[in-house]
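Only one chain is included here, represented as structure tokens and corresponding to the form predicted alone.
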């Protein structure tokens, strides 16, 4: 299948970039980050090219890969040794079964989600037929309903899959959502293996599989969930990948820009000396922000006075908070997260406090945005709240399960955390 070939090319190019950034990467982490980085390369290559074809875009990707390979070759003498490979576990087979089932589902028929047909897929198809980004379409009043301000990473990657196929096929593009989910699970597996035993790591990954793959295929939550999970799970002791992943989150959805601000705020609270190292996040997200400003691609939140609406709704903040709690998707998962932290020891909670702070700050940011929306709040809650909370559910779930694991067997998990 052409789409699978495209995903392989994307992943291989991204793996070279990931190894150029961090020579210690291997196995699951390298593949997962490789795919995520590769989608970013595709995005920026197509943004820079006025006209596309399968040959020109692939040639540009291979050029980027060659430059990354050259950097790896020059650094080979001073590079750190790769970490020990993952130890597989029987529970990993169950995760594979979940992934296979999801792939079969999303490739069985054209993607049905409204947001795919009206936003992400529509833009991708228009660009594909235009052989490049159709800036006139983005600025057109006929495009107002499809959120012209949304970043383009997902539609541009749809276009690369369609370019290699030689035509647009809605029934095949769901494989890209599956690839984002698989990349997320690979990173969860590799990241948790550094902090706990193989069995617990495999169980945590299995628990995350329904969350990573439950979102409707074809919409912007797939990359947003992947970039958010990867950035936050690697944030504890890594300044290399999280800034890049946060920047790519900002290239995927507007919430990614909010996430960058939230992470910087959390770092100011707990690890101030690291803040300046996160400039790549702003640099990667900046080009689309500049394009939006130049072309006046505005979000509906910018209509009228956001502050005035928020002040007017402030007395009803309690009612809005209750509406959010009543409409919370995956509420039993969130309840389990709260209970896990409640029974975890203070030391286990302290290890996860940065992720906890970011999740709480991001939820607070969403709440503040709901106060200032231009139309009925209940309409926005019904249409977006379940998707917004799933964007940050995996980091919260992993942090809670790790805290619980470290509480139950602190010596065992402490030994893994040191390796």
Partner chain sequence: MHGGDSPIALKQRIRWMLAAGCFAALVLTPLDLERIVRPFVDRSQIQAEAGVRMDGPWWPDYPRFLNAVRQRTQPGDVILLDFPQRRWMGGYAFAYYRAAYVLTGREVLPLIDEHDQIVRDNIRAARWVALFTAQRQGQLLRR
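Owing to the predicted nature of the structure, the values given are computational and were not obtained by experimental measurement. Residue numbers count along the first chain shown, from 1.
We do not show the form predicted in complex with its partner chain, though everything after this point is about it.
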item	value
Single option in 98, 282, 289, 329 placed near its partner chain in the predicted bound form, where near means a heavy atom within 4.5 Å	98
Contact residue in the predicted bound form, chosen from 261, 310, 320, 118 - any heavy atom within 4.5 Å of its partner chain	118
4.5 Å heavy atom contact with its partner chain in the predicted bound form for all of 22, 231 and 324	no
Partner contact for residue 149 in the predicted bound form: its partner chain, 4.5 angstroms, heavy atom	no
4.5 angstroms heavy atom contact with its partner chain in the predicted bound form for residue 298	no
Proximity of residue 168 to its partner chain in the predicted bound form, heavy atoms at 4.5 Å	yes
4.5 Å heavy atom contact, residue 131 to its partner chain in the predicted bound form	no
Stretch in contact in the predicted bound form with its partner chain, which is absent here, among 68-76, 210-218, 232-240, 261-269 (heavy atoms within 4.5 Å)	210-218
Interface residues of 307-340 toward its partner chain, as seen in the predicted bound form [heavy atoms, 4.5 Å]	332, 333, 336, 337, 339, 340
